[in-house]
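Only one chain is included here, represented as structure tokens and corresponding to the form predicted alone.
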């Protein structure tokens, strides 16, 4: 029995979403292999230090971790409820490699050139997850590290993260260049670029 005040799953569903059986997996391209000896996380663009920086796998894996309990909303209309993610908070990375003062947007880069752009405020809420429900994330779900931004549609939660680009001006990522909405708020059903209001995307 649910404790008093516990929200039912239906009330947490954004408009147009449904709860599927199981946990569907969707991704673009093949699943990359992970090699700890060659993996790194690169920071470039408007870095406060004025030059590119990187964290090796041992350096990244040693960073403090936090846990996030959140629902997960795919633009294809399914939602997976109550996921427990564990990983490195964006605030930890921002402290390790600060951006320049005028950074307002961030591009998240995954393997094979996949990218997704987010506003700085959305990036601040990001978790770079290594575990899902107390188990290492599987390769098809983004191992070793995937971004998790639960208040946006899931294409913004980049799998197989390899780089963070600090931007002073917004720029569309992979799916945004192919007609997806620049912001991607599931509660406003921001699925496609034709829905964008003035100021919600770059020219």
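Positions refer to the first chain, counted from 1. Just so you know, these numbers come straight off a predicted model, no measurement behind them.
Keep in mind that the form predicted together with a small molecule is not shown, yet the notes after this line are about it.
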**Q.** Candidate stretches 39-47, 149-157, 163-171, 53-61, one within 4.5 Å of the small molecule in the predicted complex by heavy atom
**A.** 149-157
Q) Given that the partner is absent here, does residue 25 sit within 4.5 Å of the small molecule in the predicted complex, heavy atoms only? A) yes
(Q) Contact with the small molecule in the predicted complex for residue 141, defined as at least one heavy atom pair within 4.5 Å: yes or no? (A) yes
(Q) If we define contact as a non-hydrogen atom of the residue within 4.5 angstroms of the partner, is residue 74 a contact of the small molecule in the predicted complex? (A) yes
